[in-house]
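So this first bit is one chain, no partners, the form predicted on its own, shown in structure tokens.
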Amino acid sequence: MDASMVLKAVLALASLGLVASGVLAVASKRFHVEVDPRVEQIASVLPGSNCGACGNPSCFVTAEGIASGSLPVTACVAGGQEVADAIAGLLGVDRCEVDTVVVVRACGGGIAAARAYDYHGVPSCAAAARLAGGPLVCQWGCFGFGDCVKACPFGALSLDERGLPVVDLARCTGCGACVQTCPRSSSGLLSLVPERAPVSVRCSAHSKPKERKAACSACCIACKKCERACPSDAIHVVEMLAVVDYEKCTGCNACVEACPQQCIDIYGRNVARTTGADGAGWRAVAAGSAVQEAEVAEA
């Protein structure tokens, strides 16, 4: 190869490099945007999960909003009090109390719930819901394919033997990613409650009690025994479903013990449990197994 041609090629490439670097240098000066140094500091204390619970597409956008003052220091839902305190320290502002929430499941049916048909499609709650409303007879029940488990950026949910999502309250940040993913959250299957919500009703059905019991043996039957047992007037049957007033509930356990369906459960972060955590629904599974055994025996 001619050495002069090689030299010309090298010089041409070097010239192009010099021109490009010059253009970039001019552009960096002309289009330079000053970045508030506090944005980087705030972003460094945010969880970095980009969960979207605050309504922003990323933690960095949230940091920009907090630094500019368009968002409060408590904007990061997933970060809770610890992150809010760290941001307040960085900005030199007063500490603000964060109303921390956790997710709760209002269903105890799981594999014991009656099916309208056998579903063999994509193992996804969203996909199942699109096929005639899903395979469950109960239109409020959990499908159990774990879309919420996959959506949780903090690994706080898992499916148990009942086919129901169980929340690890030590990991739950209340970001709401699972609530947004669940196709039945609009009817109350997954919702966010105060972190110290002492009890939870594991049913969200609003059909007639006779109909819902035919669909799920773990349902609330609107018997009002919980209502009568509560010494704090904190639980009432509203539209055929037990509803807890967390402003009044003390976690005394009276409603849990009174419920004949065992669909009320001790819940809440830092709540002393007198029964097994997330125990509602186990009897329904046992009942379902008994029915299956009877069917096998008859066959």
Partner chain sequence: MSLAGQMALLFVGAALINNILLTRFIGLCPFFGVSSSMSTSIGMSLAVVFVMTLASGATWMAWKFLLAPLGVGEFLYIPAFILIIAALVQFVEMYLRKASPVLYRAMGIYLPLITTNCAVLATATESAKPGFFKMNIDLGASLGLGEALVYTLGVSIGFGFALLTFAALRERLEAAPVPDALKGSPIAFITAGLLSFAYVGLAGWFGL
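Residue numbers count along the first chain shown, from 1. Nothing here was measured: the structure is a model prediction, and the numbers come from that model.
Missing here is the form predicted together with its partner chain; even so, the following discussion is about that form.
- With its partner chain left out of view, the stretch that reaches within 4.5 Å of it through heavy atoms in the model of the complex is, among 231-239, 47-55, 248-256, 24-32, 24-32.
- With a 4.5 Å cutoff on heavy atoms, residue 3 does not count as touching its partner chain in the model of the complex; it lies far away.
- The closest non-hydrogen atom of residue 130 lies within 4.5 Å of its partner chain in the model of the complex.
- Residue 265 falls outside the set of residues with a heavy atom inside 4.5 Å of its partner chain in the model of the complex.
- Although its partner chain is not shown here, in the model of the complex the stretch 57-86 places heavy atoms of just one residue, 64, within 4.5 Å of it.
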